[in-house]
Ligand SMILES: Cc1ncc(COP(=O)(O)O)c(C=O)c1O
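Take a look at this single chain, the form predicted alone, given in structure tokens.
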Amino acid sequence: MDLSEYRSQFPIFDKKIYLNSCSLGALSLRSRRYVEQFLNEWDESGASAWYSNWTKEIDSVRKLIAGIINADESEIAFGHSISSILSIVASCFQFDERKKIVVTELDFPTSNYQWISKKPLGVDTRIIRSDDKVNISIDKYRQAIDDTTAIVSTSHVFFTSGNIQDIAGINEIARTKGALCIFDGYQSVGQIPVNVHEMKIDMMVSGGLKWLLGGPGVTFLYVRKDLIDSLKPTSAGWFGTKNQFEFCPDAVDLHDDARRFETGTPALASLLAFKGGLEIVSEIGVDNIRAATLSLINELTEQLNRAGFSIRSPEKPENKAAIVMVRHDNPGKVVKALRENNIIVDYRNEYVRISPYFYNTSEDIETFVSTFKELSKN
């Protein structure tokens, strides 16, 4: 699939080589246009825009998300951050008989903090350690998950190695022990095909910040339909209730679907920016995006290896997401120098992190590697 026409929708490429989508997806003209539309409606109509258009926009974004992860719209709830969504989910549990939460040392800390902070409630957070800082073996999950486990909370893709986990396998282990799984899909949804029903996922969180090209301020939660009714959040908000505009002050009547996990008024500017990114991802198709990024990371790793750099990466091609970690003695310094040369990447600990996406080209990769090689001599 020829994706060159989409590159022109991202103005940053007029002046930069942008290879940092796993930190923040590039801004599209479409997202900018939708935000400007929202601002114009706010200016022209004020609060009445809720009834004429904004409620419809919320529904349209929900539908787009459902299509990308192969869910039903009734299984999608909006949030403002992964931290806030996880707090709502955590409020559904009493942790009386099952007190163990299983996480890993490779997960983004947000997920782990949610459970570690509940130690005063008797929650026992077990952190699985990695042997290679790239992956967690399925056997380690099998050893960690038992009849006292309430929740397994881990990532679909690890943010410092780009390793794609076998979440279907993890989910199967958890289910045999009566535990639920919450998967962090922030580094996967958009660049890796996800079918929540086929993968039998209990819950998944993701958002607009990275591969879905929507920026900060809007996230979402998927909850399996037949699980929703058994989860009753004790942290609630007015968007999570039925008939919210009746403004009932003395009872909480939660939605029957995933909207029960929603809290306050959505950040509409963020939601509209998100709509632009979701539309582009939907039009291209995640399978096509996956094919494009695999080609780019293969080019990138081949050129870095040829240049003599050390790469931390999954061994199996099918486990590689569009995140490449390359060892460097002074990653912060070289990332700054690259930025001064109009090349945007990032770093984590002693590794430079490069994350190409469908809008990148072979020329971007070649320019990055040659400049990186030259700057690393100094």
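Small disclaimer: the values here were computed from a predicted structure and weren't measured. For every residue, the number given is its place in the sequence shown, counted from 1.
Form predicted together with the ligand: not shown, discussed below.
Between the options Asp166, Glu299, Asp184, Glu279, the residue in contact with the ligand in the model of the complex by a heavy atom within 4.5 angstroms is Asp184.
Residue in contact with the ligand in the model of the complex (any heavy atom within 4.5 Å), chosen from Thr148, Ser81, Ser130, Ser235: Ser81. Note that among 221-229, 249-257, 105-113, 194-202, the stretch whose heavy atoms approach the ligand to within 4.5 Å in the model of the complex is 105-113. Proximity of Lys275 to the ligand in the model of the complex falls outside the 4.5 Å heavy atom cutoff. Contact annotation for Ala71: none of its heavy atoms lies within 4.5 Å of the ligand in the model of the complex. The closest non-hydrogen atom of Leu209 lies within 4.5 Å of the ligand in the model of the complex. Proximity of Phe159 to the ligand in the model of the complex falls within the 4.5 Å heavy atom cutoff.
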